[in-house]
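The chain below stands alone, shown as structure tokens; this is the form predicted on its own.
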Amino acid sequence: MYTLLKFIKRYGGSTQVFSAFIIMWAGQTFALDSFDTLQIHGFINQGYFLTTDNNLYGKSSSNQGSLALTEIGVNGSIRPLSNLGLAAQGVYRRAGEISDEARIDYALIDWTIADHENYRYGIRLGRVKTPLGFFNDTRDVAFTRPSITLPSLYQERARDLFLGSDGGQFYLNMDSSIGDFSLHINGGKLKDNPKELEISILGADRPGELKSKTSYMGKLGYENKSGSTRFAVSYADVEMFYEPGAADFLSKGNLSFEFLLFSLQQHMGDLTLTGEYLRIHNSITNFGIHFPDFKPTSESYYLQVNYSLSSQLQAIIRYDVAYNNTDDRNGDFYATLTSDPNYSAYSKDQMVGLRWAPKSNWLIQAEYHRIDGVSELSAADNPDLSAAKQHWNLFALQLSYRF
């Protein structure tokens, strides 16, 4: 994996030129019967959230709760050649005070370099999805994620940063006698100026902006022949820098995040166990004398149990934990340093829920969460995080449709 990452790092700057070459080549060989491969799909999710304290996706702590999570996506794909595909997806997302915008989720050229009986590999160029864990690359589609709200290790406060990158992806799928293996390696630039991440790390919306450098991610996956066991290990090396604004007391600092994520899923009849463990080595340096260097290690993990009550109904139980600093799990040092409550440095979430799919294209979900800690709360929905309550309850509903 390291060798392939170095290859992308060396040649990643040529992706725009190479993309243009592929598009021109495809345009000259495009056949009318290629339109037979055209596919259009989409989805819409509408959520409702009610909390006893604190806010999630809008003013959820009000008596009426909040309907301020709406997700709409439309995607299309076509294969002008047997070994060449084009795909794109546009998404509109309203999420409380965090976002209210439409974006290009992905737009890429998929060139299959080799397609043999037991293996297939190729490259994708453009805006490509980030391969982290089981659920990141399809996190907007309710039918593919494990619950209404994702486990904490999927970094909801930094979701815009990890949705995808502008660059390229190498992929390999291989069939063997013991199961199916897959490999995805990305190199490219992530989104600039993620405000929630800036507030989370720097403590406020500063005058300057966070800028992305070229980052690298990879995922190695395995699934046995019966499909009962899935395993994946994901790695990411993300680098950013801070560009100071006018009258800014911060210097041009550097940020780096090294992710290592292990994912395991086991099906046992009507019971499915899913667990993931994430460890992040963070480095925040060179911001000046007013912001000392800081290199904490973060940790998140969860275990979820799904039980099929029928072909249409599932019960869910999950325990989810996140620590901002493994050397300060109870947050006492963080509280001394920032004057914020110690429970701002961690989150422990116990959830029970139901998933009902009356039709293949409809999904209704309900969840109840009992939460200790507020490290995953959005600053946009909770401007005064120091006033957030340590123990709080969340009830969530979501209706989803796809076509």
Partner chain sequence: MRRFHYLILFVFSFTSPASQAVEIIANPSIKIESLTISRARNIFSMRARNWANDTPIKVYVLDDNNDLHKQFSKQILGVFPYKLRRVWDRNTFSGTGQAPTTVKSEAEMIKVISSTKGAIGYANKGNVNVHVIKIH
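Source: prediction; values computed, not measured. Residue numbers count along the first chain shown, from 1.
Only in words, not in the display: the form predicted in complex with its partner chain, which the text now covers.
Interface residue among Y216, Y302, Y323, F134, judged by heavy atoms within 4.5 Å of its partner chain in the predicted complex: F134. Proximity to its partner chain in the predicted complex, taken as a non-hydrogen atom within 4.5 angstroms, holds for one residue of D160, D110, D328, E71, which is D110. At the 4.5 Å threshold, heavy atoms of E239 stay clear of its partner chain in the predicted complex, well away from it. Taking the partner from elsewhere, H41 is found to have a heavy atom lying within 4.5 Å of its partner chain in the predicted complex. Under a 4.5 angstroms non-hydrogen atom cutoff, its partner chain in the predicted complex has T37 among its neighbouring residues. Its partner chain is not drawn, but in the predicted complex it has a heavy atom within 4.5 Å of I78.
If you check its partner chain in the predicted complex, you find no heavy atom from any of S256, T285 and S347 within 4.5 Å. Shown alone, this chain has one stretch from 175-183, 277-285, 189-197, 315-323 that lies within 4.5 Å of its partner chain in the predicted complex by heavy atoms: 175-183. Residues from 378-402 that approach its partner chain in the predicted complex with a non-hydrogen atom within 4.5 Å are limited to R402.
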